[in-house]
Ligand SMILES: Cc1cc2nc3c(=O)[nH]c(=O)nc-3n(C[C@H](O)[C@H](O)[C@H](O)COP(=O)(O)O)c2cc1C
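Only one chain comes next, encoded as structure tokens, the form predicted alone.
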């Protein structure tokens, strides 16, 4: 099967592979810029941009942490990330991922438009008011992430009524993805919630509203997986974990080494301050939590609204902003290392160019 290009709003993606937005700092300028350069859609994570270039672009920090949401989600750093990514991919479409659960959601969406995103992807909640914050940027395509046809129906109904527009594409993310899940812990192991079983109902719902692309995500690893979901009616796929194993991935080398050394049994679902189950590698952090020796929770960055200023963090035993940023910077002892279920299959670094070639032509290419 040869891949067809995918059109998202006014933007044509030559190879229908969307690189998942991974934060803090796993997919910034180097990774996203190179994925777009090679014909896919590179996606910049807007989470924790205050840490970019060792916090060079923020106004205030406390104990080495960006202070408050306006520094954790640094507008100036985001602009610089886009500027540097553009030097790599030039005029190729470039995307961004903005979590709905964050504090300052509206401001970050506006900042992302201003920074030059062609396509904005939003998950971690139902972004029913997303178009409100993109006024003045008609060419920016909007792509919500959903986990069910019901969720898509709610979004389409509200966007149509309030803003007279529909999504330019939709991503369905199944329960094998890395990071936060759109399912309960039990649903993540329920056959009926497998990605394959979510596709048809969502395609049927799309027909009720018109015609826009469906992109499948969660547990997709190779050319065979891509072809399988294209054959089910999807227009493209989103892949995150596999791009961690590239030279261009923006994470510290030690982050990658954690995944290279992980076994299948090490990849678990954990409780998260965000309120959703989250998948990552069981590392020393969780031993520290069990022994009540984990780093103290101070909520300096005030990153996500469902955490209620550290209340939920104290319930689960860790601050997600601090632990994800520590992982990005290579702190193996205290970092939180998100990955999808296939993360244990990463064993060495390759270039984005080589990976895209494998995804298009097969592993032996």
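Positions refer to the first chain, counted from 1. Just so we're clear, the structure is a prediction, and the values are computed from it rather than from any experiment.
Just so it is clear, the following notes concern the form predicted in complex with the ligand, a form of the same protein that is not shown.
Site test, 101, 273 and 322 vs the ligand in the predicted complex, non-hydrogen atom cutoff 4.5 Å
No: no residue has a heavy atom within 4.5 Å of the partner.
Answer yes if any heavy atom of residue 250 is within 4.5 Å of a heavy atom of the ligand in the predicted complex; otherwise answer no.
No, residue 250 is distant from the partner.
Hey, in the predicted complex, does residue 95 get a heavy atom within 4.5 angstroms of the ligand?
The answer is no: residue 95 has no heavy atom within 4.5 Å of the ligand.
Is residue 217 part of the interface with the ligand in the predicted complex - any heavy atom within 4.5 Å?
Yes - in the predicted complex, heavy atoms of residue 217 and the ligand come within 4.5 Å of each other.
Looking at the partner-bound form in the predicted complex, is residue 28 within 4.5 Å of the ligand by any heavy atom?
Because no heavy atom of residue 28 falls inside 4.5 Å of the ligand in the predicted complex, the answer is no.
75-83, 127-135, 184-192, 171-179: which one contacts the ligand in the predicted complex at 4.5 Å, heavy atom to heavy atom?
Result of the contact check: 171-179.
Sort through 108, 143, 239, 146 and report the residue having a heavy atom within 4.5 Å of the ligand in the predicted complex.
When the ligand is considered in the predicted complex, the option within 4.5 Å is 239.
Just to confirm, with a 4.5 Å cut-off on non-hydrogen atoms, which of 335, 66, 33, 340 contacts the ligand in the predicted complex?
Going through each option in turn, the one that passes is 340.
Members of 12-31 lying within 4.5 angstroms of the ligand, judged by heavy atom, in the predicted complex
Result: 20, 21, 22, 23, 26.
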